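First comes one chain, alone, set out as structure tokens in the form predicted alone.
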Amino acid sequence: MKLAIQENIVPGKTLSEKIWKIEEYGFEGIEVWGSDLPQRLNEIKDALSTTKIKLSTVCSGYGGDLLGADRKSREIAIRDIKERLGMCAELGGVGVITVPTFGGPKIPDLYPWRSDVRDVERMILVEELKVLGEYADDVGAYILLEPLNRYETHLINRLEQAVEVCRVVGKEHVKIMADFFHMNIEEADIAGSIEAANGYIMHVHLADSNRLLPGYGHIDFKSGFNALRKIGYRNFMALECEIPGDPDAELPRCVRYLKSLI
């Protein structure tokens, strides 16, 4: 297991400065935001070419909504995710973190055909992911479905729900990611849920129960890491959290803490 960190929580005026800091702190990877990835592609390439730090993942940043109420919104999401998948592969990253939809349903009530709009949403999502999955297979970067807690999305909250979607889609490069902050809210047994998702977890986010650095809340990371080791997880675990203090002191301390648990 390798440690990475999102670019936005690292001090530095340029990406090169941030990457230098990341290496100094003891991380092995960087997660970049996808919102302006097309405009920054060459900058990221240049910055990575001078360091041992690797791109772990691209975090979302696409337009539209895979489960938007109108066709255009869904088409934009598919187009933008494809674009980011290609760039992620070009940069050597694992994949693009993908949340099917934020908040509540956008598709209108379809009574009396369907009593639960979530059934329709899942069917639409599966077909979209078949299209995206075929493209992901071609370029070699993963679509990483991220379950979020119930306060951020209504649809996919637990690992098992994301795994079930992947099984129905049936594409090699459609997998899931596990976020300890969200799992702390939604999973009855974090370690057990990780083990049950064996073969599907391709990325991990780290934040404690209060969204601070690991060690500042009450999540049992040790048992979760043991479960990841048990299923043979080898990829990145990226920090996505707030830093309660001076990053130059807190981030290397966090790296030491996490490595003591891995």
Ligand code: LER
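The structure presented is a predicted model; accordingly, all values stated were derived computationally and were not measured. Start at 1 and count along the sequence shown; that's the residue number.
The next section is about a form of this same protein that is not shown, the form predicted in complex with this ligand.
Novice: Look at the stretches 216-224, 53-61, 37-45, 189-197 and give the one with heavy atoms within 4.5 Å of this ligand in the predicted complex.
Specialist: Going by heavy atoms within 4.5 Å, the stretch is 53-61.
Novice: Heavy atom to heavy atom, is residue 211 within 4.5 Å of this ligand in the predicted complex?
Specialist: Yes, residue 211 is a contact residue.
Novice: Closest heavy atom of residue 182 to this ligand in the predicted complex, within 4.5 Å or not?
Specialist: Residue-level check for residue 182: yes, a contact with this ligand.
Novice: Is there any non-hydrogen atom of residue 152 lying within 4.5 Å of this ligand in the predicted complex?
Specialist: Result yes; residue 152 sits at the interface with this ligand in the predicted complex.
Novice: Verify the contact flag for residue 83: yes if a non-hydrogen atom of it lies within 4.5 Å of a non-hydrogen atom of this ligand in the predicted complex, no if not.
Specialist: It does not: once this ligand is placed as it appears in the predicted complex, residue 83 has no heavy atom within 4.5 Å of it.
Novice: Heavy atom within 4.5 Å of this ligand in the predicted complex: which of 141, 132, 169, 97 fits that? Just give me the one.
Specialist: Result of the distance check: 97.
Novice: Of the residues 78, 148, 126, 89, which one places a heavy atom within 4.5 Å of this ligand in the predicted complex?
Specialist: Looking at the other structure, the residue within range turns out to be 148.
Novice: Pick out the residues of 227-262 whose heavy atoms come within 4.5 Å of this ligand in the predicted complex.
Specialist: The one in contact is 240.
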